[in-house]
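Before any questions on how it binds or moves, here is one chain, the form predicted on its own, in structure tokens.
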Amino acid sequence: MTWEIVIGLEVHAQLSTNSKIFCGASTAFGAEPNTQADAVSLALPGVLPVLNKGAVERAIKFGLATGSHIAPRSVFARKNYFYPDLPKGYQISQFELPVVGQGALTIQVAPLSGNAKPYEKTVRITRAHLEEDAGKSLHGDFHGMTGIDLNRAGTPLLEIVSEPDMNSAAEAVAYAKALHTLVRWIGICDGNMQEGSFRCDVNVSVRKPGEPLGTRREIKNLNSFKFMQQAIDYEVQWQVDTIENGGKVQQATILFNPDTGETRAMRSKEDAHDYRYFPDPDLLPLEISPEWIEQMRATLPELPQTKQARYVNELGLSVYDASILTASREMADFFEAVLAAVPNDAKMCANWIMGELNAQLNRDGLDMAQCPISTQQLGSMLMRIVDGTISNSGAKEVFRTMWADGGEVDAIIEAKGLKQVSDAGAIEKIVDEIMAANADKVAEYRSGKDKLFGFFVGQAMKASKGQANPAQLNDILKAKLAG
């Protein structure tokens, strides 16, 4: 039986302000429990919230980056529910009038299995609203009891809600990754998933094609793209098995256990009316002028999709290469700095960054910001390939030396004797000696065994200790072997 998967995401991006959304307490990660919980965070009697302008500006930037509607007037509401880490008994959020309205994000989807080709898809964004985070329950750290840490209470969040436009785990992961890249790119969130700065709730349902939407279950607080894929795959199979075995899916909030690879129900899912939203009487409506929006627009960098299109249309790179190079702003900035040193060979710059450089970063567990080779060093090395000073294999040795020990490109080339032999007379002498020592193979080549050309190239490179200019060597060999 064929089933259609329907997925929507709710992403909580912690905004990169130094202070909380309604008070001046710090948002720095890792402080001792309850050392960053001031009177407002603790909801002491008589305190009043004051909106953080920086949080609003970050929401505006997100709206602009996704082509979303930015509300000229939005309202904060109280979302009422009880939980031990929620001091006020309500969370200040937005409901009917969010700051950011409908928009969209176009993603590149690489199927997780099979031979299907990557494809493009647009996911609609329903809304993005500002809210405060709750505190955190710490289980088992206090002689088997649960403690409450309110450092996180009041931390500014932008909750980004999508339409149920995704139909596979691959699409959901691609969307989450694109969103993760975007919020980091425009500087509104550090995207640190281990610290909880970027968390995803995934709504999953299944239906037969053409039927109404099925009952959804919400997988809460996923902080890993790998876990997201596993959780969706498991949940989809669970829902299909439940229905096909005569059961009924009940709307619920569920958790994913990465140790078992299974989801489990946490509580029945609440609807909006269960929270009893009403406007917060302590906060005035938020009004955003056109002038403020334009001020924020002026601060936006070139966006990933715009940059991708430019790399394809102006530099001649493939869509795949452009998407890899714009996976992070640091990667794109590094590429463009190297390209400035080697302006006429974007493909070579891209290949070295996506290949040798990226592989070494992964082996050493580093990100681009920690790269020990500067853009100036890599650009200088690539220019030595372009001008024929060193071969590709010589460049790899220079690269490894710079990575381990630093140093200037030309000095490394001299110290290691990596300069290519580009003297035509010297190369001709090597070729003549190789041909004289292998007269039988010369005859075989001339009789039609073209594959022997590689043999002569190998022998000549060996005789030159790998320093013969490959292009010159090929030309000379072809001319002499032609007889």
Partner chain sequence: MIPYQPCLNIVFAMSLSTQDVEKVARLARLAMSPSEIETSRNQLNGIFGLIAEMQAVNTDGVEPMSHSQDLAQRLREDKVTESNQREAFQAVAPQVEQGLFLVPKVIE
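Residue numbers count along the first chain shown, from 1. For clarity, every value in this text was computed on a predicted model and none was experimentally measured.
Not on display, but discussed next: the form predicted in complex with its partner chain.
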query	finding
Distance check, A426 to its partner chain in the predicted bound form, heavy atom within 4.5 Å	no
Contact of S318 with its partner chain in the predicted bound form (heavy atom, 4.5 Å)	no
Exercise: P281 in contact with its partner chain in the predicted bound form, heavy atom 4.5 Å	yes
4.5 Å heavy atom contact, A37 and its partner chain in the predicted bound form	yes
Check all three, N358, G365 and G466, heavy atom within 4.5 Å of its partner chain in the predicted bound form	no
Contact assignment for its partner chain in the predicted bound form, among P285, G406, P118, P258, heavy atom within 4.5 Å	P285
Interface segment, criterion being heavy atoms within 4.5 Å of its partner chain in the predicted bound form, picked from 197 to 205, 219 to 227, 78 to 86, 310 to 318	78 to 86
Sequence-ordered residues of 22 to 45 touching its partner chain in the predicted bound form, heavy atom within 4.5 Å	F22, C23, G24, A25, S26, E32, P33, N34, T35, A37, D38, A39, L42, L44
